[in-house]
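Heads up, the chain below is alone and in the form predicted alone; it's given as C-alpha cells.
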C-alpha cells in the first residue's frame, strides 16, 4: 500500500532536513501518556465528505485525518488542496489512499460513500447496491480500527447504520448514524426564524426516520426554557395543527430544495457531522438526535418482530459513542408515529441481503 502524504524530504537524494534544521534539546522526557493522538478517517471524498473534512480541520478536531476514496486522482487532488491551506489551519497530518490500511488506528470513522441512484431505479435496488458497497467498506474499517466509533452519513442513513452494525460486529453504542441531527437543526432554524430569536435558544427535536416518516416532537419544544405549546395554551393563543404540519413538511423538504437549486447538499451536513465528532471525541456528553439502536425505547420492540431497528432518538454522546437515550416527553400520537416510523424501516430491512 502506497500511503500518500506531504513530503518533508527536501534535501539532495531525499535527505530529511529536519535532523539538520533543528538541534535537539538534551535530557528530554517522553511525551505525557495522557496526551491523546486523535485520528479521524473520512470514507468518500465527494461534496459531503469534503465538507466534513474541511469543517473537522477548521475546528481542530484531529491530529491526523485520513481520506479514502476509490477515485485515485480526485482523492489526491482533494488531499493536496487541503494540505495547501496548512498555513491557515491548526496543524493536522492529512493522509490519503485508496487502500483502507491508511485508516488503521482511527478513533472515529465517518462513512459518506454511497452509490448514486440510476434513472428509474427503485429505492430497494439502490439500497441493495449500497449494502454491497458497505460489505467492502465496513469490515476492513472494523478490522483496522477495532476500538473506533463508526459514524454513518450515507443515505438512507438509518438502514445503512443497521447494515454497518451487522457487518462490523461492534457493540451498538459504537455504531451511530448522523440521523436527524441536521433535520433538527433545520427545525430549530425555522422556529427561531418565525419567533426572531437565536436558534441556539430553541430546543426542538425531529426523531424517527431521516426521511418522510420523521416525527416532529412539538410537545417538547421550548424557547429560552419556555414550553411553546403549553405557553400558547395558557395565553389562549390558538395554534392550528395544519400550521405545525406545514413547518414539519418544510423541514423534510429543505434538503430537496437545496438539491434542486445547487445540485447537492454539503455545508450544513458538514457542520452537523463535525458537531457530532466534537461531542464524541471531546467527551462533551451532549444530547443529539442521531441514529441509534431503538429497541426497548418508547415501546419499540422490533426484535420481537424479527430484527433490530435503528432510527433517530435524542442520545447522549461521549467518548464511548452513544451513552444513553433521553426520556424525552412525547404525546401518545408522537409515540405512535415513532413506532410507525420504526415499522417502515424494519420492513425495508427485511428485504435486504446482509
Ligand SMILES: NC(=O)C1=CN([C@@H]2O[C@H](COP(=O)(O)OP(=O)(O)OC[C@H]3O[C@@H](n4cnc5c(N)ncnc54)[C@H](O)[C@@H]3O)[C@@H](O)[C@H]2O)C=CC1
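No experiment lies behind these values; they were computed from the predicted model shown. Residue numbers count along the first chain shown, from 1.
The same protein has a further form, the form predicted together with this ligand, not shown here; the description that follows concerns it.
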Exercise for the section: Report yes if any heavy atom of residue 318 sits within 4.5 Å of a heavy atom of this ligand in the predicted bound form; otherwise report no. Expected result: no
Handout entry: Touches this ligand in the predicted bound form: residue 46 (any heavy atom, 4.5 Å)
Key = yes
Practice task
Report whether the minimum heavy atom distance between residue 157 and this ligand in the predicted bound form is within 4.5 Å.
Solution key: yes
Practice task
Please run the contact check for residue 148 against this ligand in the predicted bound form: heavy atoms, 4.5 angstroms, yes or no?
Solution key: no
Handout entry: Residues 41, 96 and 142 all lining this ligand in the predicted bound form, heavy atom within 4.5 Å
Key = no
Practice task
Quick one: from 271, 278, 218, 100, grab the residue that has a heavy atom within 4.5 Å of this ligand in the predicted bound form.
Solution key: 100
Fill in the blank from the handout: The one option of 192, 131, 137, 82 with any heavy atom within 4.5 Å of this ligand in the predicted bound form is 137
Exercise for the section: Among 175-183, 194-202, 102-110, 87-95, mark the stretch whose residues have heavy atoms within 4.5 Å of this ligand in the predicted bound form. Expected result: 175-183
Exercise for the section: For the heavy atom contacts within 4.5 Å of this ligand in the predicted bound form, list the residues of 254-293 involved, in sequence order. Expected result: 264, 265, 269
